[in-house]
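Consider the single chain below, provided in structure tokens and representing the form predicted on its own.
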Amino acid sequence: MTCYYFAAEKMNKPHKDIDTSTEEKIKKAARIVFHRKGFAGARTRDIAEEAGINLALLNYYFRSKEKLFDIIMLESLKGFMQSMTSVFHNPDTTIFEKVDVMANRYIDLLKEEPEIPLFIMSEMRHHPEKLIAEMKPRQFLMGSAFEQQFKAAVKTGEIKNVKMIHFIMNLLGMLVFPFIATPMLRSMTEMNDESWNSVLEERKKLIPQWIKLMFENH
């Protein structure tokens, strides 16, 4: 997917002509349509109808489905990263309490925005520098209370002496993979929407337990 979300072009019209309320209305409608039909199934005409505007006006603001999708996904990711940064920098919660919060918030986000994992994969392949510059993942972890707690827990023997990156990779893998492989997993097990959502809710509790067992130094 070709993404140019860093240049929000508006058909070369003066900035003063842009109505932010209309822009937000379009983005809200696009979220609904993308969630309902996915990126591939959504049409700009569907988004315009959902927003109650004509197609020409939508094109005036965003020009293409791809640009609108990129903007929405990036906004969702930035909002989530800000939310999680506050969790990982909180000195008043333990390592595993942070994992519990992350599991709950991440699964809720991906249930609402199931296209995000594939968006990240596409961007990391085609525009890694731009995505990293926008998301600033280093600020999420380095220098955080979580990093200090992890190092202290390794030093005292509370958790296994492993690199912190293994902890993060295992956590993200458990959280993200089910959403990337949803069609395959659901087909494999013949799950309907209700059953699949039930499994995702179960993972909110199971993932923190698995992570704890994996890294605790018994």
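Note that residue numbering begins at 1 and tracks the sequence as displayed. Because the structure is a prediction, the values reported are computed rather than measured. Each form is matched to the other, and the largest set of C-alpha atoms that superpose within 1.5 Å is called the rigid core.
Although it is not shown, the form predicted in complex with another copy of the chain is what the next lines describe.
Only one segment in the set 34-42, 148-156, 50-58, 64-72 has residues whose heavy atoms sit within 4.5 Å of another copy of the chain in the predicted bound form; it is 34-42. This chain appears without its partner; in the predicted bound form, the one residue of Met102, Leu109, Met135, Ile95 with a heavy atom within 4.5 Å of another copy of the chain is Met135. A residue is said to contact a partner when one of its heavy atoms sits within 4.5 Å of a partner heavy atom; Met174 meets this definition for another copy of the chain in the predicted bound form. Among residues of the shown chain, Leu141 is one whose heavy atoms approach another copy of the chain to within 4.5 Å in the predicted bound form. Among residues of the shown chain, Glu190 is one whose heavy atoms approach another copy of the chain to within 4.5 Å in the predicted bound form. When contacts are judged by a 4.5 Å heavy atom cut-off, Glu202 counts as touching another copy of the chain in the predicted bound form. Contact annotation for 163-181: residues with any non-hydrogen atom within 4.5 angstroms of another copy of the chain in the predicted bound form are Lys163, Ile165, His166, Ile168, Met169, Asn170, Leu172, Gly173, Met174, Val176, Phe177, Pro178, Phe179, Ile180, Ala181, listed in sequence order. Core-superposed comparison between the shown form and the other one: CA of Val162 displaced by less than 2 Å. Put simply, Lys65 and Pro178 spread apart in the predicted bound form: their C-alpha atoms are 3 Å or more farther than in the form shown. Figure legend: C-alpha atoms of Asp193 and Phe39, shown here, are separated by at least 3 angstroms more in the predicted bound form.
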